[in-house]
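Okay, here we've got a single chain as structure tokens, the form predicted alone, with questions on binding and movement later.
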């Protein structure tokens, strides 16, 4: 049962945003920056963002060499370039908005180790030509860095210019704090179970179902959007990672991509965070279940040993997973469904880089 005060003052908003992760909060920030007078409310079903925003690897990246080549093959050069630009620009927006120190951003460098006996010279030139106006000399080959990084596996090492890392926890705290300072209302523990016209129906553990009224609704809950709108073409994808205990004399610094980005490694101070392996079992990992796949976890450990040599010693301290959203290609879905409803989903595991750009796009749609 609702009170008179609640009905008259607390159940209306100008813009309702479904999903309180990085993209949802970035959308809220962009809307408030552009329209300070609008009342913006974010609905998040969990006490912490539920998908991948607080469960990712913290890569501030745009696309490795083989990943971009795969995108060119599936989408064409123009779309692949646009996607890489969106990621690059989105990260610039987030860094400028929040500040590097507050999100733990460091530009340690991004690398890719390619398969043995494959020549990527011409392909590297193709990628560099595509992005030369905003990322000059984006990809360079430098096998001499393998020894410095401690990498002993066979293959050529390429470096991606401008790639860095963020501290995921600091990033989320910072964007939450920024949104609140702008006047955004964040309602956690509010699972959106239906959207009907201007009504956003939430499930409250104490009050049951409550309808909020909104002039504009933006769905930003990524892989979980399919439960609200089955017509949105996306599939969930579970990403699994583990982090080691501190490793003495660890020489590796930066990000390392393998196999078109299906495997990814970074240092977290003197620890290693390694993840991926979704390509081992695409169908099995097409899930919103956070449980770990033990077979994939074992293969991740084997990959790490192969990278640094069988004598390389490490202990796993913690394992977890996050839920991403994918589709036939990697281009995000940012679209207006109706006069009142927009969607911003399918980040393809690149929410950190894309969030700033997506926020600006939705703010323009709201106008």
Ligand SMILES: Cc1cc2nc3c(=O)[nH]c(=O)nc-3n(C[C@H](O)[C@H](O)[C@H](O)COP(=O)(O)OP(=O)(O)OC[C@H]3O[C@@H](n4cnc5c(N)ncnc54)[C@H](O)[C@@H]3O)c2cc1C
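Computed from a predicted structure; not experimentally measured. Residue numbers count along the first chain shown, from 1.
Omitted here: the form predicted together with the ligand. The next part is about that form.
- Checking 212, 105, 88, 264 against the ligand in the predicted bound form, a heavy atom within 4.5 Å turns up for just one residue: 264.
- 191 is the sole member of 270, 281, 259, 191 with a non-hydrogen atom within 4.5 Å of the ligand in the predicted bound form.
- Not one of 29, 332 and 363 comes within 4.5 Å of the ligand in the predicted bound form, counting any heavy atom.
- Mapping the unseen interface onto this chain, residue 324 counts among the residues with a heavy atom inside 4.5 Å of the ligand in the predicted bound form.
- Contact check for residue 66: every heavy atom lies farther than 4.5 Å from the ligand in the predicted bound form.
- Contact check for residue 59: a non-hydrogen atom falls within 4.5 Å of the ligand in the predicted bound form.
- With a 4.5 Å cutoff on heavy atoms, residue 224 counts as touching the ligand in the predicted bound form.
- Residues with any non-hydrogen atom within 4.5 angstroms of the ligand in the predicted bound form fall in just one of 332-340, 45-53, 308-316, 32-40: 45-53.
- Scanning 15-49 for heavy atoms within 4.5 Å of the ligand in the predicted bound form gives 18, 19, 20, 21, 22, 23, 24, 43, 44, 45, 49 in sequence order.
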